[in-house]
Ligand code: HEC
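Just the one chain here, the form predicted on its own, laid out as structure tokens.
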Amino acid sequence: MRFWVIGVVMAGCALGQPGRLIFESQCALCHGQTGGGGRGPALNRPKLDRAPDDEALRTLITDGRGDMPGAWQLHPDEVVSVAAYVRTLGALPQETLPGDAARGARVYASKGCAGCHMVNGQGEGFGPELTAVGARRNAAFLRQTILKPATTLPEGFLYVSAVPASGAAVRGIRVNEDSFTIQVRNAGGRYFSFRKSQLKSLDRLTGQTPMPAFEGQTGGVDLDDLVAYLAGLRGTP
């Protein structure tokens, strides 16, 4: 088995696609040839619940989980190749857009977007990471989010206002919550943990988001350019 895998990888290297060949020979039986799923879950999605980042995906491939066996026979470099290929299955195709991405980068900077978002390690992390947002979201979704961010909130997102019995109120994004406690992260990146019994009030701001709506503020060429810039953020090739 080990020699066969190495032979497949060597042949694949010549074609520049070792990850695809390993996936098709060892993973496609359960996940489908194009990652559409079968006995195993579909992988042709922008976000994988059990592998939110590349390190988690490589660990999942190596160690397995539940009914999925670990790929103990693969060299670490082969695991990296398979993980990289799996990520391409959920990447959206490039769209032809009217805007100019270079100008869009300047619009992004002028609107202060880096005050909440990170791109390639630059910016703040209160809002979602945008380094590869163009591989996960199409242009229509990006445009809608810029104009009316409250209409595209992800499932489970909740903005809250917690007022302790003593001290200042804290407004931020819910990180965790159970029957007795709630954890909140504010715009400055600081985490707060409260016992609910010790709060004066806890308001769940359902349907609200700290991101301002740019409808009526950004439009026309600037909006097209900003969408083009964000759609071009596709992470490391």
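The first residue of the sequence shown is number 1, and the count goes up from there. Source: prediction; values computed, not measured. In this text, the rigid core denotes the largest set of C-alpha atoms whose superposition between the two forms falls within 1.5 Å.
Omitted here: the form predicted together with this ligand. The next part is about that form.
Looking at V184, you'd find every heavy atom of it more than 4.5 angstroms from this ligand in the model of the complex. Proximity of L226 to this ligand in the model of the complex falls within the 4.5 Å heavy atom cutoff.
Mapping the unseen interface onto this chain, C30 counts among the residues with a heavy atom inside 4.5 Å of this ligand in the model of the complex. Looking at G156, you'd find every heavy atom of it more than 4.5 angstroms from this ligand in the model of the complex.
Every residue of the trio C113, P128 and V133 has some heavy atom no more than 4.5 Å from this ligand in the model of the complex. Within 4.5 angstroms of this ligand in the model of the complex, the stretch 55-70 places a non-hydrogen atom from each of L57, L60, I61, R65, G66, D67, M68, P69, taken in sequence order. With a cut-off of 2 Å and the rigid core superposed, L130 has a Cα displacement that falls short of the cut-off between the shown form and the other one. In a rigid-core overlay of the protein, T62 has its C-alpha displaced by at least 2 Å between the shown form and the other one. Relative to this conformation, an increase of 3 Å or more in the Cα-Cα distance between D49 and G121 is found in the model of the complex. Distance between the C-alpha atoms of A51 and V175: shorter by at least 3 Å in the model of the complex than in the displayed form.
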